[in-house]
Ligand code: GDP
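First comes one chain, alone, set out as structure tokens in the form predicted alone.
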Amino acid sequence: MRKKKNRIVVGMFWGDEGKAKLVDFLTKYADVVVRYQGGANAGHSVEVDGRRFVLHQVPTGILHPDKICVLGAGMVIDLPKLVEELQSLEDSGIDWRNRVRISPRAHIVLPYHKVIESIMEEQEKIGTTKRGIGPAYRDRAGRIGLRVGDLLLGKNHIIKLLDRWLDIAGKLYERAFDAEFQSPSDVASVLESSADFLDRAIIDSTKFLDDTARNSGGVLAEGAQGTMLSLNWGTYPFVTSSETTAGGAAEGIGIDLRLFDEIIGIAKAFCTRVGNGPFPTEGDENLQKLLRGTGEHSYDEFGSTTGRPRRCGWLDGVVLEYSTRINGIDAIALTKLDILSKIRPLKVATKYNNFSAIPSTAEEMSIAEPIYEEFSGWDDDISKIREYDKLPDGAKEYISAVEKISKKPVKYIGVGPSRDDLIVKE
């Protein structure tokens, strides 16, 4: 009998739902926290004792001194940026050494990939972060990518693989777009320096994760972005380049999905989206200002990675039901409920007028007509409340609506930015 639960935390919308805060809270019940997909395009922010930490590639569990953190094989890792992130944590007094493990099977984001993504973004206007994530995943599928384990074979081996990349892919961009790429020797030197800094952190942890999950338990899997940015199940092509759903956890970590005891879905109390793509419940200018904030607070709706203002709107119950089903959600964490205080009436989209379910194409999703149910809301400041029973009736009514739509319990309720601003609803 395992002493601790194995859990997956997954975003239910377009990312930015507040996954990091819940992972930070759940880390106390875990021994290992592992990121299973994505890369430096993710921005997970946590406020601890008045200090705000923004993590891009390192699992959120690093903020707890006794936890092991694993960067899984499903990630694409920007190694120089990872070094910067770890150095910044070290400068803040957080000891990461002997606690971070990096899968040698994870692919590397090259400076070449950032050049390509900038070109692609000019052509396609998807709204990416230009961090090279998509091209890195494309090279992984095209079997011309570099993996972290390649760094252990020496500089000459790295240069050989980079020469191959330039010969197969680089020449196409040079001819078509006059793209300029750094020399393989220069890129290899930076990667080699990154590997030296990471030292013994590059180690295959699949067997360790499997043993932990099977025996003691306590594996906490952390996803990046959200379900509606899934390559398979999101609003394609306005999506990320990896599998963001709970199903991506087993692939990105390398352990049996059946070892997980609980899948927790994170849903913001309203919807946000960064970048282009369909957003059926996007609000008018006035509503967006109310939900987004001015940018003066760390919790306002501006991207942790890019600083871009997020598009904001009412909660989309159609997406909520879809995401619950796709991920096999067991319980929901509803974040940022405090932001809805004094906004009256509140609205939740319960269905689309012109579609019976989530459409499969972005073109159809862009013309979806939401039908709303209104709720009375509340005026009280709920940010200091820590017990469910003490919430105003309007807040309880709103939470009940989420439970009714998803047919799952809302177990965690976020009422502020700090790690302690959380209500656990039994």
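In case it trips you up, residue 1 is the first one in the sequence shown, and so on. Everything numeric in this text was worked out from a predicted model, so none of it was measured.
The following text describes the form predicted in complex with ligand GDP, which does not appear among the structures shown.
With the partner omitted here, the residue from E282, D338, E251, E321 that has a non-hydrogen atom within 4.5 angstroms of ligand GDP in the predicted bound form is D338. Though ligand GDP is absent from this view, in the predicted bound form it lies within 4.5 Å of a heavy atom of just one residue from W314, W233, Y299, F208, which is Y299.
Contact annotation: V415 falls within 4.5 Å of ligand GDP in the predicted bound form, judged by heavy atom distances. Looking at R310, you'd find a heavy atom of it within 4.5 angstroms of ligand GDP in the predicted bound form. Put simply, G43 is close to ligand GDP in the predicted bound form: some heavy atom of it is within 4.5 Å. Although the partner is absent here, D24 lies well away from ligand GDP in the predicted bound form, with no heavy atom inside 4.5 Å. Stretch-level contact check against ligand GDP in the predicted bound form with heavy atoms at 4.5 Å: of 180 to 188, 328 to 336, 154 to 162, 213 to 221, the positive one is 328 to 336.
Taking ligand GDP as it sits in the predicted bound form, the stretch 135 to 172 never comes within 4.5 angstroms of it through any non-hydrogen atom.
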